[in-house]
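Below sits a lone chain in structure tokens, taken as the form predicted on its own.
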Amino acid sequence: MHPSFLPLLCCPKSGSDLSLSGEQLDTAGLIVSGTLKSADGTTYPIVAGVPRFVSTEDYSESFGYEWQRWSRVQFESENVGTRMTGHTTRMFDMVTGFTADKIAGKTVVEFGCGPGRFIDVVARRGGRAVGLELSSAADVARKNFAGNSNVCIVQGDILNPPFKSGAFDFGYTIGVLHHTPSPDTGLQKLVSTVKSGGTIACCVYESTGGRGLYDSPAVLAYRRFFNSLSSHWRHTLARWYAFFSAYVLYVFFAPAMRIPGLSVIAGWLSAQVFPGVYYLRDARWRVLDTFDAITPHYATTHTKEEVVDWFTKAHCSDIKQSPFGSTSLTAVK
């Protein structure tokens, strides 16, 4: 991490400033290791260039495994000339509306950055990007942006973030808050880190009454099953199913869902028996997204009214639905 990011950080327990000691820098002037210390003596290590404010992945373990295995599948540079070309950038634009002229030179935070596919968009548009990640995917993101002085990856809890109030010009969270025990708290914490007048974007799973992938009876049953297993078997069996769904079941489901009559049967089987991301035309993305759907500890779904209420309770204004969907909204602090 570059030393210029240090003033943004604070002790997540007390909110006090942090002092740096014992730091080691690389040849580019980036901090590789050191110790951050609060006024009350609490210390937090910087390991491999990442400030660490948690000692365990807690409920986010499946994401640590997921992003270590599929670290760059969703990056634009890995999809040039494929069927998924531009997908990540289009999704970012639809959810946030953060154009290059808006965020160039600004400091932007992402709550739940994973390996950093959206941070990549921010960095390419000239923004100073900070990603907060609870899982071991923080190390994956650091490697993905090794040597980039405009990107800072922090390992910490988005429900108790180690950032000063009003530290950032803009903030966003995409597909993450529903994976925490308290999505509304997560949004309130994100809002608190953004300056007055700054824009915040939030996208969470939509509640569909069991008609969508993320709240279908099959996905709910698979999640319960996989989360009843040890981490080794949970990851292994879920990965095997994700590959089976993406490469074998896809051969039936993809065409069947486009044929009248068969589409009803395929839709029922997908919702009740064989969950999968059958609408994606890239097998790598299907594997990743299917694994992502069936393994999280928390994966709640929500309504637009709920998300509006979260923003309202966080004292935001100009709350608007984004083009991405009913539970993707932006607001101004």
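Since the structure is predicted, the reported quantities are computational estimates derived from the model, not experimental observations. Residue numbers here begin at 1 and follow the sequence given.
Another form, the form predicted in complex with a small molecule, is not on view; read the next lines as being about it.
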Q) Using a 4.5 Å heavy atom cut-off, are V50, D120 and F145 all in contact with the small molecule in the model of the complex? A) no
Q) Taking the small molecule in the model of the complex as the reference, which of V95, V176, L213, V151 has a non-hydrogen atom within 4.5 Å? A) V176
Q) Which pick from T193, T199, T180, S245 sits with a heavy atom within 4.5 Å of the small molecule in the model of the complex? A) T180
Q: Given that the partner is absent here, state which listed stretch (101-109, 219-227, 248-256, 167-175) has heavy atoms within 4.5 Å of the small molecule in the model of the complex.
A: 167-175
Q) Does F63 reach the small molecule in the model of the complex, with heavy atoms at most 4.5 Å apart? A) yes
Q.
Would you classify W67 as touching the small molecule in the model of the complex, given a 4.5 Å non-hydrogen atom cut-off?
A. yes
Q.
L134 versus the small molecule, in the model of the complex: is there a non-hydrogen atom within 4.5 Å?
A. yes
**Q.** Distance check, Q74 to the small molecule in the model of the complex, heavy atom within 4.5 Å
**A.** yes
